[in-house]
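Single chain ahead, written as structure tokens, the form predicted alone.
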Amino acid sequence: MVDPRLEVIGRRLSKVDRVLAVASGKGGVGKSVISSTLALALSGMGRRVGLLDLDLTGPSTHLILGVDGLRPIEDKGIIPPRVHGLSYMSVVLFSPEEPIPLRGVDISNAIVELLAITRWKDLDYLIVDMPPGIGDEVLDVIRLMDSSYFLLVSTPSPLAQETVRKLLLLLLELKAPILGVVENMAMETTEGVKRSLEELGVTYLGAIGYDPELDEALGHMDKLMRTKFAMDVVKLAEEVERRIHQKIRS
């Protein structure tokens, strides 16, 4: 029997021009803070932007954005509340205090339900903060949000590079659109990430330098957007938009 929610998801996303899934094969690489800051940067450029935290068991974008006390708005579904100019959706809106242990088919069911109930309005970009790893969530996004571009986050660490390489191999095998890879927490110019990407024919989107002041700025938008980290992400946002337009024209 066909799940009727799958047809609903297409309608829910029909007003979203572009979906950008920010992913990595490994946790701790700064994926969520890049997702959140990238959404803010694109919004600052005048774009209509949504942010979907799809890390169901370990969401953190609400902490990065300083979200507190928000509740979903119900009207023939769920309308994402506005946060700092963004349309924002996360499981923390439904269960702010309690852990949500999920595994196997429960993860896919939760993703389908979240996508089926969320009424996104007109958006230029929907940024999706993916959970780390190569699991059900990646396969579900490819299956349910088939026009998504993937932006991968790595660091100079060989461990992070290896997990990103495995995720890239999966995406390439599935012919999922890949925008490129950004190198986070770069202490100095490194060539390891560039070389591994050249071998796979994947675009290197640039480096975001390590910023020791970033942690203190989390949760405080004015302070966050003045960090060196955010300035690097603004450059990334400009590059992301340029690359997407390039892919659309090709």
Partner chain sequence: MHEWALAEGVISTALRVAIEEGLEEITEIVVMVGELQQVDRDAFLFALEQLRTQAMRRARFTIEPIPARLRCRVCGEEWFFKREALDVDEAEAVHFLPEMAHVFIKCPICGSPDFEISEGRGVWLASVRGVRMVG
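All figures in this text were calculated on a predicted structure; none of them were measured in a lab. Residue numbers count along the first chain shown, from 1.
Although not depicted, the form predicted in complex with the partner chain is the subject of the following passage.
Student: Which one of Gly180, Gly85, Pro72, Gly133 is close to the partner chain in the predicted complex, taking close to mean a heavy atom within 4.5 Å?
Tutor: Here the answer is residue option Pro72.
Student: Just give me the single entry in Ala110, Leu123, Leu144, Ala176 that has a non-hydrogen atom within 4.5 angstroms of the partner chain in the predicted complex.
Tutor: If I apply the 4.5 Å criterion carefully, the residue I get is Ala110.
Student: Which one of these stretches, 165-173, 73-81, 148-156, 135-143, sits within 4.5 Å of the partner chain in the predicted complex when only heavy atoms are counted?
Tutor: The contacting stretch here is 73-81.
Student: Hey, in the predicted complex, does Arg11 get a heavy atom within 4.5 angstroms of the partner chain?
Tutor: So Arg11 counts as contacting the partner chain.
Student: Please determine whether Arg5 contacts the partner chain in the predicted complex, using a 4.5 Å cut-off between heavy atoms.
Tutor: Flag for Arg5 set to yes.
Student: For a quick check, can you give me the residues of 105-135 that have a heavy atom within 4.5 Å of the partner chain in the predicted complex?
Tutor: Heavy-atom contacts within 4.5 Å come from Asp106, Asn109, Ala110, Glu113, Leu114, Ala116, Ile117.
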